[in-house]
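In the form predicted alone, a lone chain appears below as structure tokens.
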């Protein structure tokens, strides 16, 4: 069931999970939030609009940042968000005031290295600060080849829930909440992707991108990829 077809989240974990993180972290107008891999800006804009907090949002795509800035203006929160076009692995906030909450939505840790990403966030958070992330996982090691090749390649080897728990613990965090995104989250995500595949310019105008997403959607629903692939949401707190 599609619950929010207007969503532009670039992952199945949508607004509800961002809001959960903000509320659990007690974010308020005095809070500082870091959004790593901010995408089209929905997460940063939703937090700024709901809690009036200051957000630093990083993404290496200039196109994404431009879309995010436009969304922030539409929502009236552009003055609360600092947008940076930057490679996350080259970012350094060690000399800046630490953050109360860090977001890494849409599989950011899989793109930048889970171990390194968790370690960086740990450095940039206040003592007992919060981390919220979402990422794709496999439910089982026995994934049919036609499913696995769509979601995983030589670069991306996904975790299970158990292995991700171990990574989070070893990075110095304690898990506050870890759950799977419900089917409606996938419906929202793929509904958004289907709309973007109609674009005539930008990333989604590329025929290779269109073909890749059409294949992914087909495998997920027709070949029941949802039996093997899930989206994990985690809310964790820095231990010290």
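Residue numbers count along the first chain shown, from 1. Worth saying up front: this structure is predicted, and the values here are computed from it rather than measured.
One more form of this protein exists, namely the form predicted in complex with a small molecule; it is left out here, but the text below deals with it.
Peer 1: If contact means any heavy atom within 4.5 Å, which of 161-169, 101-109, 70-78, 144-152 contacts the small molecule in the predicted bound form?
Peer 2: Comparing against the small molecule in the predicted bound form, the contact stretch is 101-109.
Peer 1: Of these, 179, 28, 184, 61, which has a heavy atom no more than 4.5 Å from the small molecule in the predicted bound form?
Peer 2: Result of the distance check: 61.
Peer 1: So in the predicted bound form, is the small molecule close enough to residue 125 to count as touching (4.5 Å, heavy atoms)?
Peer 2: Residue 125: no contact with the small molecule in the predicted bound form.
Peer 1: Is residue 38 part of the interface with the small molecule in the predicted bound form - any heavy atom within 4.5 Å?
Peer 2: Heavy-atom contact with the small molecule at 4.5 Å: present for residue 38.
Peer 1: Answer for residue 87 alone: is it within 4.5 Å of the small molecule in the predicted bound form, judged on heavy atom distances?
Peer 2: The answer is yes: residue 87 has a heavy atom within 4.5 Å of the small molecule.
Peer 1: Since only the chain is shown here, I'm wondering whether residue 17 would be in contact with the small molecule in the predicted bound form (any heavy atom pair within 4.5 Å).
Peer 2: Result no; residue 17 lies far from the small molecule in the predicted bound form.
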